[in-house]
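The form predicted on its own is given below as one chain in structure tokens.
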Amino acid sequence: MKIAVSASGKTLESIMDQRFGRAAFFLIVDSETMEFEAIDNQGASSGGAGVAGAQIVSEHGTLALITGNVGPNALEVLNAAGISICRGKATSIRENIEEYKRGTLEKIDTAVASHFGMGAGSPK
């Protein structure tokens, strides 16, 4: 299964980025083989970063996303694409994938306030 993870770097040892839309990279990981592809998040510095990130993730055929926080517009796009969203931990991508496979990550059902990753708002 393909799992997307918001990432601070381009390796499985990189730390998961708590921000979804503003993450520097997305790692698309095959949970069975641990093969992965690192994707630059081209929308990280633009308006609508969450929606752009959600489109990137969905275009790569992922069934799950591990991240820290998701805004309302991104949540809507991810839900429409049928992507399950889980709250990861501030550890490596590899460790987050293992936690996901064990079923220990919390499911994200609600969004944070708009522009939360830019220092505005607080979790809903």
Partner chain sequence: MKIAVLSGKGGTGKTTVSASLAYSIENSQYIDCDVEEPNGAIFLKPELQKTYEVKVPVPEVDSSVCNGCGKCAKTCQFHALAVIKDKVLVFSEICHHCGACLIACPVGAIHETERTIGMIETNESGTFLHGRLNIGEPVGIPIIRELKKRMRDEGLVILDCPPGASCSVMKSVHGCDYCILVTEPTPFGLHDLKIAAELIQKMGIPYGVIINKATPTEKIIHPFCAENGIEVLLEIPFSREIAENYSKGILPAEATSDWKTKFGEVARKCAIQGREGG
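Numbering follows the first chain given and starts at 1. Everything numeric in this text was worked out from a predicted model, so none of it was measured.
The same protein also has a form predicted together with its partner chain, omitted here; what follows describes it.
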Q | Proximity to its partner chain in the predicted complex, single hit among S92, S84, S31, Q55 (heavy atom within 4.5 Å) | A | Q55
Q) Taking 4.5 angstroms as the cut-off for heavy atoms, does E35 touch its partner chain in the predicted complex? A) no
Q | Any non-hydrogen atom of A64 within 4.5 angstroms of its partner chain in the predicted complex | A | no
Q. Can any non-hydrogen atom of G43 be found within 4.5 angstroms of its partner chain in the predicted complex?
A. yes
Q) Wondering, does E99 line up within 4.5 Å of its partner chain in the predicted complex on heavy atoms? A) no
**Q.** Heavy atom contacts to its partner chain in the predicted complex at 4.5 Å, residues of 71-95 in sequence order
**A.** N73, E76, V77, A80, A81, G82
